[in-house]
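Below, in structure tokens: the form predicted on its own, a single chain.
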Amino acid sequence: MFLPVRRLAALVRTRELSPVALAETFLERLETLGPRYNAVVTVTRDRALVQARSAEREIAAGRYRGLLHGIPYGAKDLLATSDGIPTTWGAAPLRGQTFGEDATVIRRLEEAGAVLCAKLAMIELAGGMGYRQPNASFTGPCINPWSTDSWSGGSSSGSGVAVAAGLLPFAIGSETWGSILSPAGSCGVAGLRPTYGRVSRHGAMALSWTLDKLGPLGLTADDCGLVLAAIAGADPADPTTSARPFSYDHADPEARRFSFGVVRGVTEPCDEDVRESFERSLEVLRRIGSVEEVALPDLPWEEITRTILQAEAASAFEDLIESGRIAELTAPEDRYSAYARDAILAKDYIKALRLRGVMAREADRTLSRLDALVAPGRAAVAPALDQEIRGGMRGGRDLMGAIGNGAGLPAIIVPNGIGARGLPTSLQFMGRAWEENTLLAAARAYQSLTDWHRRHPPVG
């Protein structure tokens, strides 16, 4: 159940493994184990078997589409799907919502031959109302497969759990601020946040138009690169996408030397076990390159990104708010927090947009002489199910998240240790815009020297 995509693909291509049998195996796991973790909203059994049978016929006839052909996957339940499959956005008042077409990402994965097996659980409205508890979804809190009294991280909760528990080989999540990196790090898998504009968001729920991004979660950095290659590219239906092509460079990074930077003070909010894992990771990184401390100017990084997110979220969900249906959301705080966001002044939103340009320039200036900034993925291991949540790092502090999402920069997170309560810790690589291949190479080089990605929770 824990084979990376490239290994599964080799078995499928040589017909040692049937796409139909593979789909059946993961469908059974989704149906039997998925409820244990509150990870699944809808199992798309009928659609999956149609796609798997088609893949089997094509491969048998010599029409192999590539490494995702016949490989099962799941999608966060904010991506539109046709065939009457619900797209709930994790929100109780939208449980019956359906769309007549597939999101561009879903369509591109189908074109690559991937098999959609499930719509995966998420925090309601992707956390856009500022939830403070794991139970902010009508499907209940996603349970971390490493420890059943712990949360998965959000808001792509089901995507992280599905990969970590071996329910699916890979999944698609979304990130506005931390929603791919958080569940990937908390569940001990890899998660890639692409550059803003790299992947079409057509057919995806909008939370923040200038911050939202879609990306993959998988067992390894290589898995993420393979999936990104299938979903990246310009889309006339999403004018924010870039025409810059992306071709995954999966060459062996063994001979390459990398330059890494660590932002001064980045570990201050972190628990001791997280700091210890990070220090061990730096020793590994010194084997493949250089590591230096860097300083960033004193800017209101988090306030800039938070103002943009909150103002745009209030606008994105205007109809739900004004109709009063926001009162039907699961988390009590989500039922009223939007009204405070409505009070953000237009001049403050405009100021934040202007300061974002300063933030992007300063981040790029620092990164221009580095391959990546590295940092702990999260300040602490996954919280307990009854623990209040306050942002991606302790006390809501998340400098890397604020800069990366505010400036639209790519990042990848991979497991780097085991911390408190037997839960994974993680390592983040963040780079310049459009430099996903550099980050993927660095993460692959790190994983070639460690085995954390080969360790899995004790699931059925």
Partner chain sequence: MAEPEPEPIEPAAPEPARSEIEALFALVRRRYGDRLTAEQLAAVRVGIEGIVETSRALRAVRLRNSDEPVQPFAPFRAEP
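Positions refer to the first chain, counted from 1. Everything numeric here is computed off the predicted structure, so don't read it as measured data.
There is another form of this protein, the form predicted in complex with the partner chain, and it is not shown here; the text below is about that form.
Student: Contact with the partner chain in the model of the complex for Arg286, defined as at least one heavy atom pair within 4.5 Å: yes or no?
Tutor: Looking in the model of the complex, residue contacts with the partner chain do not include Arg286, since no heavy atom lies within 4.5 Å.
Student: Does any heavy atom of Lys347 come within 4.5 Å of a heavy atom of the partner chain in the model of the complex?
Tutor: It does: once the partner chain is placed as it appears in the model of the complex, Lys347 has a heavy atom within 4.5 Å of it.
Student: Can any non-hydrogen atom of Phe138 be found within 4.5 angstroms of the partner chain in the model of the complex?
Tutor: Although the partner chain is absent here, Phe138 would stay clear of it in the model of the complex, with no heavy atoms inside 4.5 Å.
Student: Although the partner isn't part of this model, could you tell me whether Ala234 comes within 4.5 Å of the partner chain in the model of the complex, counting any heavy atom of the residue?
Tutor: Outside the cut-off, so no.
Student: Picking from 374-382, 264-272, 355-363, 165-173, which part of the chain touches the partner chain in the model of the complex when contact means heavy atoms within 4.5 Å?
Tutor: Checking each option against the 4.5 Å cut-off leaves 355-363.
Student: Counting any non-hydrogen atom inside 4.5 Å, which residue from His250, Lys351, Arg244, Arg95 sits next to the partner chain in the model of the complex?
Tutor: After the contact test, the surviving option is Lys351.
Student: Which pick from Leu299, Ala206, Val294, Val291 sits with a heavy atom within 4.5 Å of the partner chain in the model of the complex?
Tutor: Of the listed residues, the single hit is Leu299.
Student: For the stretch 438-455, I need every residue with any heavy atom inside 4.5 Å of the partner chain in the model of the complex, listed N to C.
Tutor: Going through 438-455 in order - heavy atoms within 4.5 Å of the partner chain in the model of the complex - there are no hits.
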